[in-house]
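Below you will find one chain, with nothing else, as structure tokens; this is the form predicted on its own, and questions on how it binds or moves follow later.
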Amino acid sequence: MKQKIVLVGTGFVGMSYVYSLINQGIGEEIVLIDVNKAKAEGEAMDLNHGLSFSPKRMHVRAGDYADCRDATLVVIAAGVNQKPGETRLMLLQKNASIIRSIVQSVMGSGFQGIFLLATNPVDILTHIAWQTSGLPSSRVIGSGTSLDTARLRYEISQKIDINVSNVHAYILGEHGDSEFVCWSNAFVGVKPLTDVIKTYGKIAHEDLETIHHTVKTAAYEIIQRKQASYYGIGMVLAYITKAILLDENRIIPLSVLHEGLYPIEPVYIGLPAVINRQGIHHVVQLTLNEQELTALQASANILKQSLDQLK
């Protein structure tokens, strides 16, 4: 089966994603959908001119919702952008109706693939997309805390001067202000971070809160300086897409529907999950300490209250 990806929304995030796909040779056919059809056409033209430098043969074109019928993956990056000083939750009312409309249009094509959402607030909008689509929750996924986790690993790696690929730690909860670090399950290589603090000398316990604050406020800092954040999430979306298309069974912290692993509300929330060609295979249950469980419950409550306000 052809690896066909449809992107809805050709803004900075969407095009950073497609640019990453092409440079890494992920997928075979990429269809761009936008309310501004001319922009989608222009983006496709521009990208096709660089295909001789892609690792493999690919094709990019503008299209419409009928193209979703046989797509493996539909990625939604459309919506109103986050403005300076604006939280992700403030975007909710603006973007909820946009997501409902897009999902209805996609499902009208007969689509039976996987949805991947990046539009903020991503946890709540992924929940709305799932409810609107009628698909199993395993096939409606949000980018969740994957970018936050990448930021966390980068900050830790910079502090201890160890390659970021050897840092294993997760941001969990809402992709937003209530997110938290699961420090009890943080490792450098196979060594717990707590042991690294005791023996390595380059990082101390008092550094952990600073790292968390830096990660949590990273988007605000970027937006203040350049009005938008898009390269990081574009690369993250490509990473998730690769895990799906290549059936990798890779563990990534994503926005998934919580169903009974923890004593929290049944909402879409950032948790580590195994992802493959079928979507979410299962959520990985971590042993959380009391502080972390309390933080997860608080984050889930915030998301549930926002969903209730929409209803």
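For every residue, the number given is its place in the sequence shown, counted from 1. It should be emphasised that the depicted structure is a prediction, and the values quoted were computed from it without experimental measurement.
What comes next is about the form predicted together with a small molecule, which does not appear here.
Annotated contact segment (heavy atom within 4.5 Å of the small molecule in the model of the complex): 6-14, selected among 285-293, 298-306, 6-14, 19-27. The small molecule in the model of the complex comes within 4.5 Å of a heavy atom belonging to Y65. Using a 4.5 angstroms threshold between heavy atoms, H175 counts as touching the small molecule in the model of the complex. Residue contact with the small molecule in the model of the complex: I233 places a heavy atom within 4.5 Å of it. The closest heavy atom approach of V122 to the small molecule in the model of the complex falls within 4.5 Å.
In summary, among the residues I102, V215, I240, V181, the only one with a non-hydrogen atom within 4.5 Å of the small molecule in the model of the complex is I102. Listed residues A228, L92, A169, V196 were compared with the small molecule in the model of the complex; A228 is the one with a heavy atom within 4.5 Å.
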